[in-house]
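First, one chain by itself: the form predicted on its own, in structure tokens.
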Amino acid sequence: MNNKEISVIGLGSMGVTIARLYLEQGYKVTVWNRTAQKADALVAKGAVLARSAAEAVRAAQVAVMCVYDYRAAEAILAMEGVAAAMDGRLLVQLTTGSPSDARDAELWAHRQGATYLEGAIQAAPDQMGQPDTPILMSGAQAVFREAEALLKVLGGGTVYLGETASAAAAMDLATLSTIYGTLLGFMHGARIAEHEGFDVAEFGRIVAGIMPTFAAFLQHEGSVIQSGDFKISQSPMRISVEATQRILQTAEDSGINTEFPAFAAGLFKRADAAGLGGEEIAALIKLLR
């Protein structure tokens, strides 16, 4: 894949950014989008607008797709001539989907004689193309190694997760679970701050300050889970049993929403009842299993 030609299918905010990054690196970029007008600014910068999705695929050995969801991706791949045009090409699917979506997409690509890589972008469009831009990738290792240089145009923080095509989508969901769990806790904390008359912006600044330490703590707990050794190393489970109960009690006393702390306190209470209170907090995974 030494020739600097690429096709970009889908010109939402991320697709436009992807195409622009390749243009800036001297690639010949062919683009296609259902609404052709979205390509105008890219064409002005040197991109070639394909008349159809099939024409876009035929224009280069590598097609990068980033559309709204897998239903949209499947509809495009089902368009006239697209399947036939895939033969001998690489499809890099950067559309967000589930592990099963990724498995199905790889099977489809292989049936058309194409190779396939699944990717999950963990950054906003304006964070793309940086040395640390995080992008999760999975698929055949030989294919990934061959495509690695062109993928680095999109971000230097690419992480290859192995040959199982669904790995990137699965890891994306795992990290999103962490993010949404943190977000729910943050929102509940904001309600506590509001109720007590604190400046919520100051609360946000304090949380931002502890995040690097919290991240290191989570990394440690991940290592504990992987090791299977749950002896107390940093945080005994029992501390969190008591802490989450205090958060719940405070919410009840304050008359604020109790859904998040009730869920958290309930999990830790069940873990304690299961005899895990004297182990590292990571032992909560045993309850979830």
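Just count from 1 along the sequence shown to find any residue number. Since this is a predicted model, take the numbers as computed values, not measurements.
Here the subject shifts to the form predicted together with a small molecule, a form of this protein not shown in this document.
- The closest non-hydrogen atom of residue 12 lies within 4.5 Å of the small molecule in the predicted complex.
- Mapping the unseen interface onto this chain, residue 34 counts among the residues with a heavy atom inside 4.5 Å of the small molecule in the predicted complex.
- Among residues of the shown chain, residue 207 is not one whose heavy atoms approach the small molecule to within 4.5 Å in the predicted complex.
- Within 4.5 Å of some heavy atom of the small molecule in the predicted complex lies at least one heavy atom of residue 121.
- None of 29, 64, 67, 56 but one reaches within 4.5 angstroms of the small molecule in the predicted complex through a heavy atom, and that residue is 67.
- A heavy atom within 4.5 Å of the small molecule in the predicted complex is found for exactly one of 193, 171, 135, 76: 76.
- Contact with the small molecule in the predicted complex, judged as any non-hydrogen atom within 4.5 angstroms, is confined among 153-161, 138-146, 93-101, 209-217 to 93-101.
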